[in-house]
Each structure stands twice: as structure tokens, then as C-alpha cells.
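The form predicted on its own is given below as one chain in C-alpha cells.
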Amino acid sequence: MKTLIASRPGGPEVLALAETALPEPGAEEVRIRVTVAGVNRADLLQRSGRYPPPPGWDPRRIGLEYAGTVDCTGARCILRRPGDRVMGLVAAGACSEFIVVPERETLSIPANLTDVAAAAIPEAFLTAVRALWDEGELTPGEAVLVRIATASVGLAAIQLAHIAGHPVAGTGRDSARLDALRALGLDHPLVEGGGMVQRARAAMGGAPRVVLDLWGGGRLSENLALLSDDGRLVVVGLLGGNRDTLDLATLLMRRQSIRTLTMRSQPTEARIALVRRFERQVLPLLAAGRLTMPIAQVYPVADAAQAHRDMERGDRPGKRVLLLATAAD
């Protein structure tokens, strides 16, 4: 089969399609014929050698999220059958013609979603669910601030929090892009810049209980100043770097907490529990058309290097996806 690999750590030019062995599923695994794979920031970091997958996964193989069709099942599988349309996450190697995953980690694709649409869902929405409720511990009525709202996890978090009845503010650098997110449930668009704490509190009528941060380094003090007392800062991304300083006295006196998360290093049973909860609580919303992820561009897998270049430029919102086979209509 063909697999997208990074031949060595480096820029987009190191991406290539390689012939690899067809994987065989274990007793509780399914083999999936991948039609579409999502492109994520983690792929760019892995390609450059800065974000290797967990031990046991080939660091050359690129891709975290997939959509496709079950090709065959292991002897003890009971949830899936050949021909079932599924989507989900893997630690590496989703940009392959075939992948093997634990059956219980797969998600059914709602009938109203194409494979292209489905491949843009798992990473952003599973991360947002975990960030808002597992780490952020949101309770009814609490306000949320998302930095950066125009990133895919931000787009997912805005919609999920809005549907759950939470006031939502979001930041970004482009006012037009932010205003467009009102249709997804963004109550308070805030352009990044000076006076953020004062502007956010004026717009929201107070301090948010949860700040979901995709930026990372350089904004820690400001994020904590944005938070209410007893608030929770959830760090999901490090677009701005991985270094910062912290005033422990202020953190202590205001009883705030800092949480972090990554998806690919979770233990298997934790991933399965999240997927099964997502299936119960979020898949019905996707099937009803109440959640969406804009698609920025669709590329053949042979153009993966261009997809990575375009993502690095960040010139348009939404997800980029790679076609590995003819996607389901």
C-alpha cells in the first residue's frame, strides 16, 4: 500500500509516498481503507522532527485523523462490519491507504456527512470536548474565552459551548474572520491586541470561568488575568512557543488552575472512553447538522507538501484534507 512519510526531519519537501506492508488487524482491531485524512498542526511538527509520536509508532508516518470504510475485522470484533463508514484518530500514519485501529476507537460517520467532511471532525471536536469538560470542568452557565477562535479546535469549541448554553468569546487577528464566526455561536469576537483584559471583561460583562488557549508561550500572565477567581486555564496548543513565566503568588491567591492536554499520548482506555462519550453526546448533533467544520481546501495526497505549505501560511480558515481514494458521496 502507499503511505505518506517524512523521509527525514525537515520542511514540506521531505514528504513522499512510500510503499509499505499492508497491516493485519488483531483480534479486537479493524482494518480501514482510508479515503480522506485530515491535516493538522501536529503533522507539521512531526514532519519537522519536533513532535514524535508515542513509542511504538513509526515517526516517519504522517497523519492523525481519518475517514474511510472498514475493510476487515478481527476475530473478536462486534461493533463494526466490513463496509461500515468510520472516522477517528490514530497516533500516526493516518495518511495511508489502509490503517489498523482498535475497534472501540472508531466512530460511525453520520449519513449526512461525506468522507471529506468526516475527516475534518475527529481531532478538532474530540479535543474541544476534552478541553471544555474534562479539563475545563465547565458547569452550566459558565462563560468561555477561546484563544485562538479561528483555529479548528477553536471553531469546534465555539459551537459545542454555544449549543450547551455557555456565553462564548473568541479572539483572533482578523476582525472579518471573527465576525463570520457569529454564525457558529460566537457571542463576543475580540481582535488580539492591547487592552485585551479590559475589552474582554467589558464585552462579556465579567471574567470568563474557562480560557481555552491554543497560543501558548507569551500569553500566560494575560490569560490568568483574563480568568475569574477559581477559573481554569486549559492550554491546548503552542503556536506561540513553549516558554513563559508564572507568578505563583497571584495564581495561589486567586485559586486558579492551569490544565494541559494532548490527544495522541493518552492511554488506550482513556481514548476509548472519550470516543464512546463523544458517540453518545456529539454524534447526534453532527447527524442533525447542528455542528460543522469548514473545509479550507481538498488536496490529492500527492500534493501533501502543498497542503502543509498552505497550512503554515494560514491564509484561510477551516480544515485541509488529503484524498487517498475516491471519497464517499
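Note that residue numbering follows the sequence shown and begins at 1. None of the values given here were measured: they were computed from a predicted structure.
Omitted here: the form predicted together with another copy of the chain. The next part is about that form.
In the model of the complex, another copy of the chain sits within 4.5 Å of a heavy atom of residue 267.
Put simply, residue 163 is far from another copy of the chain in the model of the complex: not one heavy atom of it is within 4.5 Å. By the criterion of a heavy atom within 4.5 Å, residue 176 is excluded from the residues contacting another copy of the chain in the model of the complex. Not displayed here, another copy of the chain is kept clear of residue 143 by more than 4.5 Å at the level of heavy atoms in the model of the complex. For a residue to qualify, one of its non-hydrogen atoms must sit within 4.5 Å of another copy of the chain in the model of the complex; all three of 51, 248 and 259 qualify. Stretch 233-241 is the answer when you ask which of 71-79, 233-241, 191-199, 115-123 has residues with heavy atoms within 4.5 Å of another copy of the chain in the model of the complex. Among 208, 216, 136, 102, the residue placing a heavy atom within 4.5 Å of another copy of the chain in the model of the complex is 216.
Just one of 153, 220, 186, 86 comes within 4.5 Å of another copy of the chain in the model of the complex, counting any heavy atom, and that one is 220.
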